[in-house]
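This text opens with one protein chain seen in two forms, each one given by itself as structure tokens under the names structure 1 and structure 2.
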Structure 1
């Protein structure tokens, strides 16, 4: 009896600390979102779900919600598609592999805010490096205002989001590829399997647990990502590149609607919680099968 309870007793302090760190802020958010709140954070009258109703009636919130889904899915999918072949190349044996790995993983060590600042300069409509390069190659004959319109700004932000997500995803996939025995590929080659057949029947199935990890972690990371959108456009022009986290920031610190901002936080928390629970459940069911 004691031996069975011992592991739970040992992890109980950590569980308690994690519960405090996670659930205390959630409790505060529930309190704020269900009350009328002053700009200084003072709780006034209880108003129930009025803040959530105000969000539902706000077209900017609905647009930011839809755009957040598009942003998250595009960045995560793009990072996965790029990271698998990059990880396979870096996992192969070639001269200078260590240097190549450092070059690929180096952007991960750079501040995301600094990366966004550099790209904002590069995409400047008058003196940006991208316009200069494209004009030098003869692709365009006049400057493009990349960040002045959502039709160009948001796709560029998605592209940058993919590029900064690739290093972390490649790291996960390198760990998975290094765990696959070389004997499997040698046996498959002796049986006459092509490179594509080896990838489809050996690499991809054995890499699937690591792909699941990358999807869950990247979804959470990208969904809550603030610096790229904020540094480059601050959600503009005219809120046309806002995602939920930048919409929340404006709501709380520019407009002073702390109650509605807390409601947005709870909506984001609920979306991530539901996604994680569904995805983990599906992964477990697949493993059991």
Structure 2
């Protein structure tokens, strides 16, 4: 009896912390999202799921939902594809490797907002660096208005998203690569395996758990990423680059619909919960293996 209660007693403090940090705010959000609420957060009548229904009817919300999916998938996939070769190069032995590693990882230390601000300047149509560089190289003969429409703004935002996600992903992969013993490659080389064959049959399978973790962690992180899109276009023009977080911010603090905004954040919470569950399962399987 005593010994059965002990584990629960031991996790009680962290459970309490989790309750304060997670459960209480979520409870609060559920309260706000199911009530008619003033712009300063005073709850009025209970209105059930009306806020969620209003969202489902809002084409801007649905568009933002799909765009969030596209944004998350393309940034995570792009970062993954770019990070594997970068990590492999940084893992191989060459002169000045530690300097190269620092250069790749340094952008991680710069605040995301600052990165986005710099890019906003660089993409300015009339005085931006990118246009003058392209002009100087003779690639374009007329300024491109990068941020004027979603067709150019959103791909640029995805590209920047990829660039800022690479350092973190490379770090994970470097850890994975250093855990692969060198003698596997030596044996394979002795049997006459080509570089591509070594990559496919040794590197990729052994790196798989790390790739999984990178995917899930990046998914959560990119899904919630606010600064890049907010600083560059504020989700505009005409909501055409909105993702859920930017849409939520506008809904809550511009328009003052705290009820609907809370509903959006619950939807986001639900989506992320699924990802977290996948993450926990991956981590468990990792430990069993």
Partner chain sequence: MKLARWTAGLLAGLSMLAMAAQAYAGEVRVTVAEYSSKTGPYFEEVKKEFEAANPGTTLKFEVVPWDVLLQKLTTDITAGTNADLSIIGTRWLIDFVQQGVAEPLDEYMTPDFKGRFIETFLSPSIMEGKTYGLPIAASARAMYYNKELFEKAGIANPPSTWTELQEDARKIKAAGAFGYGIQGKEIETDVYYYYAMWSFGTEILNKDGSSGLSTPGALEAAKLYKSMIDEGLTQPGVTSMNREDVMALFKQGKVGMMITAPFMMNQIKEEAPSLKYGVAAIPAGPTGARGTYGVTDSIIMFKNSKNKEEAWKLLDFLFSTEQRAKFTQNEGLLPVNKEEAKMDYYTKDAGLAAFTALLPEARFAPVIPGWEEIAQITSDAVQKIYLGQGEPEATLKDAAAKANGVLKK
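Positions refer to the first chain, counted from 1. Everything quoted here is computed from the prediction, not taken from an experiment. The term rigid core refers to the maximal set of C-alpha atoms that superpose within 1.5 Å between the two forms.
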Completion exercise
Taken from the structure described, the form predicted on its own is structure 1
Exercise for the section: Determine, after fitting the two forms on their core, whether residue 278 shows a C-alpha shift of 2 Å or more between the two structures. Expected result: yes
Exercise for the section: Just grab the Cα shift of residue 10 between the two structures for me, core aligned, in angstrom. Expected result: 3.6
